[in-house]
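A single chain, nothing else alongside it, follows as structure tokens in the form predicted on its own.
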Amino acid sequence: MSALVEALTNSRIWRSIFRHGWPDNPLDRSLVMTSNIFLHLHPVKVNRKSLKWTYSFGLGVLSVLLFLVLSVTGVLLMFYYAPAVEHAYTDIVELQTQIPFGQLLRNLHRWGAHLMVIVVVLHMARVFYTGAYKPPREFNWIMGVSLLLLTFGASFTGYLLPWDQLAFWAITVGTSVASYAPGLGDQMRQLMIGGPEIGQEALTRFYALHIMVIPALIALITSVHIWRVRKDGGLAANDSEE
């Protein structure tokens, strides 16, 4: 058996794929992690306490999975929706009534968005409760707060897209509240809706923010967030409480 393992690890095929020997020593075990695109997301060593599922409840992973679900369903919805006030609402109605599995697709996107907001808030609460925002993780806490705000932004911008009465008046109230911000309130509202009232300009801007700007920022900051978790040694845990 040992001869077979040695022959395998010395073969060109093994070296071209794994770039390291059989993981029977600390160096090769480390190389298993650092040379694999998937395993590289995890630190080589982690705190034993953080491995318990009740420590984090997998809320960070769930947030990423929900973002992926929303990205896939959002791309599929774009095949049947156009951001035009003349037919945005009818596009949604046709999607739900005439497109096979259209109602399921929209509900996956809609309820996935609601669930992502809940999960991200719970994730932030867990991080705060366990003290994972303390030094040297302050930068990652800022990244997490940024992701929380972007999640709210994605939910808010997606609210207008169905162009029904509920969406119209919700965005009207929301942007009106923003106009009361000190100093730049009116400019903020003007920037969001592109005019004195909710119309085609507002729908176009909210659509662009919802499908391009905010998802790109979430993907970028999430990558940095996960990288920082890895560089900081995995999930934060108090060694004295193991």
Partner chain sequence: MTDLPKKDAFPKDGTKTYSLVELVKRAPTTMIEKGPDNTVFAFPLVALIELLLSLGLGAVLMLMSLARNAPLEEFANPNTTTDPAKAPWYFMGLQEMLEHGHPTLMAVIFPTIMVLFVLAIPYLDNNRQGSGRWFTSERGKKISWYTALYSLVVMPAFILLDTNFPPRELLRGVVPDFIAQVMVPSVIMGIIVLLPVLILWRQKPTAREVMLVLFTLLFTSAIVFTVVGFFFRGPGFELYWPWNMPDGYSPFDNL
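Source: prediction; values computed, not measured. Residue numbers count along the first chain shown, from 1.
Heads up, the form predicted together with its partner chain isn't pictured, but that's what we're talking about next.
The putative spot formed by L66, I118 and Y133 is fully lined by its partner chain in the predicted bound form; each residue has a non-hydrogen atom within 4.5 angstroms of it.
Checked against its partner chain in the predicted bound form, the candidates M124, I99, L150, L76 yield a single residue with a heavy atom inside 4.5 Å, and that residue is M124.
A single residue from the set L184, L191, A208, L51 has any heavy atom within 4.5 angstroms of its partner chain in the predicted bound form; that residue is L51. Interface residue remark: S30 is counted as part of the site for its partner chain in the predicted bound form, having a heavy atom within 4.5 Å. Its partner chain in the predicted bound form is approached by V61, whose closest heavy atom lies within 4.5 angstroms of it. Contact annotation for G195: none of its heavy atoms lies within 4.5 Å of its partner chain in the predicted bound form.
Although the partner is absent from this view, V213 stays clear of its partner chain in the predicted bound form, with no non-hydrogen atom inside 4.5 angstroms. Residues are counted as partner-facing when one of their heavy atoms sits within 4.5 Å of its partner chain in the predicted bound form; in 91 to 123 these are I92, V93, Q96, Q103, L104, R106, N107, L108, R110, W111, G112, H114, L115, V117, I118, V121, in sequence order.
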